[in-house]
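Just the one chain here, the form predicted on its own, laid out as structure tokens.
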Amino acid sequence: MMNSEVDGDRLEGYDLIAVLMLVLIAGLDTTWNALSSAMLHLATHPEDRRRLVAEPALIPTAVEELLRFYAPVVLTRETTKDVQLGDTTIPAGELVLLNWAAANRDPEMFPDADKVIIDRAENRHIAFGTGIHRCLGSSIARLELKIAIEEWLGVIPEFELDDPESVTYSTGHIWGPRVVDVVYPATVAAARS
């Protein structure tokens, strides 16, 4: 970023700090919620977990599908003009919910939309938003998720939820599991200590 330019001007001073803070803060809770959702899925779907262990090259495709299915962000925007949506008029100045997770479950866009298909070939999800509101950190989030899943499965290929009742969720505009306690065979722990 120290060498970045916008319209021929280098980012400096406050502008550079503001962009760095945005990248740092924007990627924290969204990425850990996406990773928690992925780990919860893998803990409760052993067939998907075992397939990724056997076919690690599939992990980037699986990351996209997990992002589609468990999109962690729900944002609001304010309408700038009156909008007619079906029989309803949404007046200017109203807050509207952008439920990207719901859009990612559209059966017209995604066959078997309510299923996680870790090798889904065509996956034009909008878990990171779209257009000018697309997430600035989407590339690094994908990379972090890919590396985390690869490294975890490389060390702990077998695991399951310790207690399904102990899973807790965050609420608000960033959604996902906050606590996902897992257990794994003692032989794994002994081999790694």
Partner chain sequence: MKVSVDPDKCQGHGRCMMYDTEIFECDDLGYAHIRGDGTVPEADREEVWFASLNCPEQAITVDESA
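No experiment lies behind these values; they were computed from the predicted model shown. Numbering follows the first chain given and starts at 1.
Another form exists, predicted together with its partner chain; not displayed. Remarks below refer to it.
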Its partner chain contact at D87 in the predicted complex, heavy atom, 4.5 Å:
no
I'd like to check something about G27: if you look in the predicted complex, is any of its heavy atoms closer than or equal to 4.5 Å to a heavy atom of its partner chain?
no
Please determine whether S139 contacts its partner chain in the predicted complex, using a 4.5 Å cut-off between heavy atoms.
yes
Partner proximity in the predicted complex: E122 to its partner chain, non-hydrogen atom cutoff 4.5 Å:
yes
None of V83, M109, A102, V74 but one has a heavy atom within 4.5 Å of its partner chain in the predicted complex; the exception is M109
Testing 162-170, 130-138, 149-157, 38-46 against its partner chain in the predicted complex with a 4.5 Å heavy atom criterion leaves exactly one stretch, namely 130-138
